[in-house]
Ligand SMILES: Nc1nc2c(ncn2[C@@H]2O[C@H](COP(=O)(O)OP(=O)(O)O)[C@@H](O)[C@H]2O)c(=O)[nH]1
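A lone chain, given as structure tokens: the form predicted on its own.
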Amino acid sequence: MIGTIIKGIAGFYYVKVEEEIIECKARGKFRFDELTPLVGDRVEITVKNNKGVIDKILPRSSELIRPNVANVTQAFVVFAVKSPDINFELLNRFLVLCEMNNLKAIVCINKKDLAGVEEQDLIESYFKSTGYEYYYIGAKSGIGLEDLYNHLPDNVTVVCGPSGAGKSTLINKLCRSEVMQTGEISEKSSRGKHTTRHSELIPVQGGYIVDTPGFSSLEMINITKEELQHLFPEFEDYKYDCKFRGCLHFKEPNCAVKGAVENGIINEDRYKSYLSILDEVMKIKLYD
């Protein structure tokens, strides 16, 4: 039998096979192979007396480290317009991590009712050149969720973003039940409290959603300065027109990417985020 691991707790794995969920243990051989079953894994199992054993882990299309989830295909990147205020620098880091892990990123701008004309204009100008899909939503009221439902079938979707942005509230609305505990915003720090304790796949709308506290590490430790430019989709149409091969779009003259920034085609703040991450990556490698 082949199924999907939807939850793993204390050495037990819960595998969904069609409409049935079977409690399984993993064979000892996986320890010798230094391979651990992950939530999201497609696995072959045998069942005897209503108890299952995982015999084989099928090849993974992707693997996230934090959280440990396999075969994720896309990410709902959730940021609030206000309370807490949207942090574009942090948002760019989440988008870079999605690109690093080959995940389709869909930006969800939550708390739509708090967005005035000025905030909406800023957000629209920001994403205009990136190619990312973005939607204004009200997770608590259920506003704007129809578009997100359309992205769920046949996908394993990770919901990520900063604490307090409304991730767990969004999960509950999409699943139409209180499957996740929601947190509150700390009045002192205006930051959210983490509410999710483990990763779990939730079947919904012909796909799965995994809730997580967000990527727990946003340091760009596994990327080179040469690779970073490929993680900014709006650079793709210009980078081959640079004068120098291997241009980092930093201090080099006759750089087509910098030209696109100067002409207002690429958002200047997005480019500044690129430079900030580039500086971090170069410093990391310098001290390796």
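Owing to the predicted nature of the structure, the values given are computational and were not obtained by experimental measurement. Numbering starts at 1 and follows the sequence shown.
The next section is about a form of this same protein that is not shown, the form predicted together with the named molecule.
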{"property": "Options 199-207, 100-108, 156-164, 116-124; stretch whose heavy atom lies within 4.5 Å of the named molecule in the predicted bound form", "result": "156-164"}
{"property": "Contact flag, residue 169 vs the named molecule in the predicted bound form, heavy atom cut 4.5 Å", "result": "yes"}
{"property": "Partner proximity in the predicted bound form: residue 93 to the named molecule, non-hydrogen atom cutoff 4.5 Å", "result": "no"}
{"property": "Contact flag, residue 77 vs the named molecule in the predicted bound form, heavy atom cut 4.5 Å", "result": "no"}
{"property": "Distance check, residue 72 to the named molecule in the predicted bound form, heavy atom within 4.5 Å", "result": "no"}
